[in-house]
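One protein chain, two forms: both are listed below as structure tokens, the first as structure 1 and the second as structure 2.
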Structure 1
Amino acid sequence: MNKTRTTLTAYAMLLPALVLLGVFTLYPVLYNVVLSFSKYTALELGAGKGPSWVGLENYQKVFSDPLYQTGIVNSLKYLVVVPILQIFSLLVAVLVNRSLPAIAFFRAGYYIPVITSISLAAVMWEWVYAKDGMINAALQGLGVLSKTSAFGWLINENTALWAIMFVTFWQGFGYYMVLYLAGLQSIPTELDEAARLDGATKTQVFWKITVPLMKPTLMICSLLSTLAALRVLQEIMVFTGGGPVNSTYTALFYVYSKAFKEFDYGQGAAAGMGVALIGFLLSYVNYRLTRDQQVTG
């Protein structure tokens, strides 16, 4: 009787969260799947009509669209920022995981970009990347660029995507640094001390003890970072709008354009399913790597 009451109490406490999860997560996902197989535009919406079934027509149009293919390629290019971001965040976490004077100030300072709004960051970085901005001035001062060869980093098709990726790196490393710092502080200090007594160097302790014990945190952070890179949208909207020459046109920006500029909700849903499929595949790979690590451990 007591066990039954405990079980019912547990389900009752979970019920509000499950209802919210169903309404705001599960239902939109299922509706998006249905919408991706339907014709539903602003015309049907204005006429008071619902979605009408068209089968795979939306998928055929979206996947054969060169602009969507360009978006997929650019989104995959954006994943380059993931390993760089994770390695840098881990190294900074190791540096600030020490008892030094004013170390809390440095930890807070690294986190400031995380809480900086993308609009404010855009104002700052547009000035940095401008022809008369900080980067060109520094390169001209070092003699790398001449006075006449300065160019706008955000309006050049060869540099625009990489320039936006650096903003993502700048704004994200403080967040992952905090996660890695929490992981580092969960490692028992006795392991480090025992290794030192056995004659291990700092480098050996890092690679043989710290990194293996941090692998679950590395996997979670890598997954979060990968999905964030696939979902990049705000940066594209505020910096370039997909230009120049579609060099920063990502897959999710295509989804946004289809659904909220062209008001073709069916094709927008189909394009979103493509992005979701890529995210699912990457999540599965991460799960298998994490699972193998747990089994091995």
Structure 2
Amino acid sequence: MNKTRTTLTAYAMLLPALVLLGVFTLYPVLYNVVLSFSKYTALELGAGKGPSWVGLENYQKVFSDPLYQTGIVNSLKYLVVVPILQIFSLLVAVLVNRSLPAIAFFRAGYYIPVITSISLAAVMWEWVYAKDGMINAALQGLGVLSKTSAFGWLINENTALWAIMFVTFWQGFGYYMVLYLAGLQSIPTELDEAARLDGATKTQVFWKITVPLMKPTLMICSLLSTLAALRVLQEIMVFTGGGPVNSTYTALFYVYSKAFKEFDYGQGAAAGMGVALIGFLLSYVNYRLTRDQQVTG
């Protein structure tokens, strides 16, 4: 009897979490699959009708849409930020992993971009990137750029995507730095002390001891960072809205635009499945790399 009561209590305590996770986390992922095979737009929604099955129609429309293809290409281009971000974060983590006076001050400073809202980042970086902004002023000061050839970095189709990527880099390095720092601090100090006694240089210790031991952290961070880069959306919304000339139109921005500008939820869902598939493939590659490394290394 008592046991039944304990079990009931356990389930009662879990109920709010399970209901919320079920409705807002599990169900959307499953129902999105149904939606991707259905005709469902603002018209059906307004008329109180449900989605109706149309098979692969949404997929055909979306995948043959040049704008979606541009979006996929731009999302893949965005992945360039991942290795740069990870290497820089790791190096900064190594740099701040020493017991120097005031090192905590620097660590905290590097974390400030992480806790900056994307809308604030948008306000601040728009001024930096403006035609008369800080970057152009600096380039002109260095004599790299002439006054007449100055341009706004976010309104130039050749630079806009890279400019937004740079903001992702700026906002992200403090986050990964902290993760790497945690990894570094879990490496027993006896290991590199022993290596140093054996005459290894700091550089050797870094490559032969630190990097191999950091591999698991590196892999997790790369995966997190890859998926985040693939899913980039807010940045596009606040900076450029996909322009100029669709040069910053990412795949997930296409999903968002389909669903909430054209109000075609079915096609939006199908477009999202494409992004999810790429994410799955990238995760799988990352998993294989990790596994192979563990077998051989």
Partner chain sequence: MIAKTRAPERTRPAPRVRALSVLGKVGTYALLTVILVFAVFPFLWTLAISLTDKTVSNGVSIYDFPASLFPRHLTLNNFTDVYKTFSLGKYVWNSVVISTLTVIGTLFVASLAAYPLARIRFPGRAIILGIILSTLVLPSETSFIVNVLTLRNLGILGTYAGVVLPVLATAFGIFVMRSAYLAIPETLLEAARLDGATELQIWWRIMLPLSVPTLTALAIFTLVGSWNDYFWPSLALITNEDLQPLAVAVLKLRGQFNYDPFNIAAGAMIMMLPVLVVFLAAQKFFMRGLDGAVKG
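What you see is a predicted model; the values in this text were computed from it and never measured. Sequence positions of structure 1, starting at 1, serve as the residue numbers. For clarity, a rigid core is taken as the largest C-alpha set superposing within 1.5 Å between two forms.
K.L.:
Pick one: which is the form predicted together with its partner chain?
P.N.:
Looking at both, the form predicted together with its partner chain is number 2.
K.L.:
When you overlay the rigid core, is the Cα of residue 279 off by 2 Å or more between the two structures?
P.N.:
It does not reach a 2 Å shift.
K.L.:
Would you look up how far the C-alpha of residue 24 moves between the two structures when the rigid core is overlaid, in angstrom?
P.N.:
A shift of 2.9 Å at the C-alpha.
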